[in-house]
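Next up is one chain by itself, shown in structure tokens, the form predicted alone.
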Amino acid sequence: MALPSYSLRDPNGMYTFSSRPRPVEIRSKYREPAPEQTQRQYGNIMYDRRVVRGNTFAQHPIPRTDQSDPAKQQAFKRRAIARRQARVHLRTKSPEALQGRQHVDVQTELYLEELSNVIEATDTECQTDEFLDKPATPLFIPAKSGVDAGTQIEEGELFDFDLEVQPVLEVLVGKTIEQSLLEVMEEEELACLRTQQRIFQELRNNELAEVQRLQEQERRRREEKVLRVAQQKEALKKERETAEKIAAQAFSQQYLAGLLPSVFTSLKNHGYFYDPVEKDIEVNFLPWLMAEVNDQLKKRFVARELLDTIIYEVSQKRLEEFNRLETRQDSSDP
């Protein structure tokens, strides 16, 4: 609420202005949303938006609100503030940085720009002509007019220090106490913030540990699942191979049930199946026996030929002797 001010003009034509003292506005230390303010009462038409100045083609349109209904204006402002706060809450923000890390601004434009704290500066000099100093402007002394008058003011009639200083002291003391209370409340708020931050950090560390535990548990379950699936696949593969082998064996047995006798008979007829004793006699004993018999026969044949030769020679010798004897007898007989 604005304090009343007083302006008056004295009989001599001098204009004076006075206003009651008021305390300084208290500004909060932290940024807060703009409070709902009442409609600003313009006291100067130069700052009134309803007054058009300059070219009318670029004038700003005045919102169609009922200036005489403050309830509608308050509702409109509340809706505007609610929409602005909703946009602030819905705006996507970057997540908080992890412990020991910090966010860094990165350029995402198509063409990168070199950023530097060095400001390029150039020195330029210009020489101007010398000018004489302007002489001091004489004080304006208005012409004296009117009639001089005087009066006597006794002590305490115009200004009572004890009475006039009381509001100032009340304001100073109240401001000091209020500032002290604000500082104490700020310290308590900072302590509460530190406590909440410590509690939040502990909760965050616990949640991180729980998340790591859950991730490790999920990893172990996933690995165990993969292992179990591999084992099940291997078991199914072995079972399928065993079934295929059993089926092949049954089919081969069924197929070979009538084939084996004929095959064995054919092989036996062609001499692929034989008696090992008979085979040994035919391969080893009989050739050796024949060789021995041949050797014996050859020896007998040689012996017979030798005996025949001896008998022949002996017979020839006997024959020759008999012939000589006959010749001798014939010659002895006259």
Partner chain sequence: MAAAVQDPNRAAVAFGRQAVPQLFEQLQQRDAPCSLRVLTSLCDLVHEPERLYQIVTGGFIAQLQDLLKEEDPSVRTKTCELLHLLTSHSIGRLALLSSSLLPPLSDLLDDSSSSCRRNVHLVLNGLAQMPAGAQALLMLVPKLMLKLRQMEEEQEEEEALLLSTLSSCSRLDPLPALASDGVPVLGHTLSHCSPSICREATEVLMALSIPEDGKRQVCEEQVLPVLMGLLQNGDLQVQTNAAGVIMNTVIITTGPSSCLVLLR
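Numbering follows the first chain given and starts at 1. Being a predicted model, the structure only gives us computed values, none of them experimental.
Not on display, but discussed next: the form predicted together with the partner chain.
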{"item": "Close approach of residue 145 to the partner chain in the model of the complex, 4.5 Å, heavy atom", "value": "no"}
{"item": "Partner proximity in the model of the complex: residue 232 to the partner chain, non-hydrogen atom cutoff 4.5 Å", "value": "no"}
{"item": "Proximity of residue 242 to the partner chain in the model of the complex, heavy atoms at 4.5 Å", "value": "no"}
{"item": "Contact flag, residue 175 vs the partner chain in the model of the complex, heavy atom cut 4.5 Å", "value": "no"}
{"item": "Site check 316, 319 and 324: each within 4.5 Å of the partner chain in the model of the complex by heavy atom", "value": "no"}
{"item": "Residue among 209, 260, 250, 163 with a heavy atom within 4.5 Å of the partner chain in the model of the complex", "value": "209"}
{"item": "Partner-contacting position among 103, 213, 79, 228 - heavy atom within 4.5 Å of the partner chain in the model of the complex", "value": "213"}
{"item": "Partner-facing stretch of 93-101, 198-206, 112-120, 151-159, counted where any non-hydrogen atom is within 4.5 angstroms of the partner chain in the model of the complex", "value": "198-206"}
